[in-house]
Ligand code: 13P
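Take a look at this single chain, the form predicted on its own, given in structure tokens.
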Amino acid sequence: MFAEELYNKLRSVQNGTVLCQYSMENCERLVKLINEINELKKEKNTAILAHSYVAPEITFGVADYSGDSYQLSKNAMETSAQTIIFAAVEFMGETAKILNPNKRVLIPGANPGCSLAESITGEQIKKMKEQYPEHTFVCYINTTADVKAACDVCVTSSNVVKIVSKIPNDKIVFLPDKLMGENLKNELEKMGIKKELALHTGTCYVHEQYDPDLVKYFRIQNEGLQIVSHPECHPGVAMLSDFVGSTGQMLDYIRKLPEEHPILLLTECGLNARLQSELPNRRFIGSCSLCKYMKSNSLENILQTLKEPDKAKEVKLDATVLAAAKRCIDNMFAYCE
């Protein structure tokens, strides 16, 4: 890759953060890292997976696959590479390991946590089962392996409504995202589906910050505005949105919009950057909402992981936990058939 090629891909990115400044000078520095990474990953039979929320020089420069956590875990099953570097957060790497137990999964991020995934543990779920013995436990894919292992079925932001509506039990514990759970309740009510939902208290610190009053202000100030949000946002924000969906669904929706519509995208700014690069003629408004966990991934720590994989953070799961978590995910696949 040449610096000019990278610059042409990224020069339209205007996220308002020092992490996303793509002058020609900066691209010349980045492309040296990109080319070294791309050479090394071929030599070492390694695939790089990058969530849409990481910095765009990773997505467009070195990723073999990019997308949301669910799609990337499926991509990990498709690649012939025996080592996977997952530029995202740790629970996503765990999901890839659950679906690819014989592959080595490495996490390059310096701070690969997640406020949502860390809001609950498998031990807490065991106690909750005593409180809700008749309920089916449904966990969002944004959870750790031990949480998945303690639950009955896993869901994603794109299939949660479909799966919960299909579960024969009317009593559901949905966790860990409280705001997504409230949006789920609202969607089921619209469909005339009656379910008794018990919710946990977890939230994504990026998505919970969006304020309905501010969203109303943006609507008033921008004629023809299309508001696109993630179901981890507040229900008041979801109700004001033109479209609510997963990362992948938001991408598809925006790509199909007529060019004259300005867009307010309410999710982590990595997705804004990706779309600004892919659709340079579109007008995106609003400020950048940055996830410190996703942005702890960098070209530098991906390169270091390739150079010294034995010193990198490797996803290792207890066999019992892996098998139980796999059952939880397999149940999701079964409901989606």
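Quick note: we count residues from 1 along the sequence shown, nothing fancier. Everything numeric in this text was worked out from a predicted model, so none of it was measured.
This next part talks about the form predicted together with this ligand, which is not shown.
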### Query
For the chain shown here without its partner, which stretch in 45-53, 300-308, 24-32, 58-66 has non-hydrogen atoms within 4.5 angstroms of this ligand in the predicted bound form?
45-53
### Task
Identify which of 92, 154, 266, 87 has a heavy atom within 4.5 Å of this ligand in the predicted bound form; exactly one of them does.
92
### Task
Name the residue from 144, 241, 246, 183 that puts a heavy atom within 4.5 Å of this ligand in the predicted bound form.
246
#### Entry: Non-hydrogen atom contact residue 230 with this ligand in the predicted bound form at 4.5 angstroms
yes
### Exercise: residue 207 in contact with this ligand in the predicted bound form, heavy atom 4.5 Å
yes
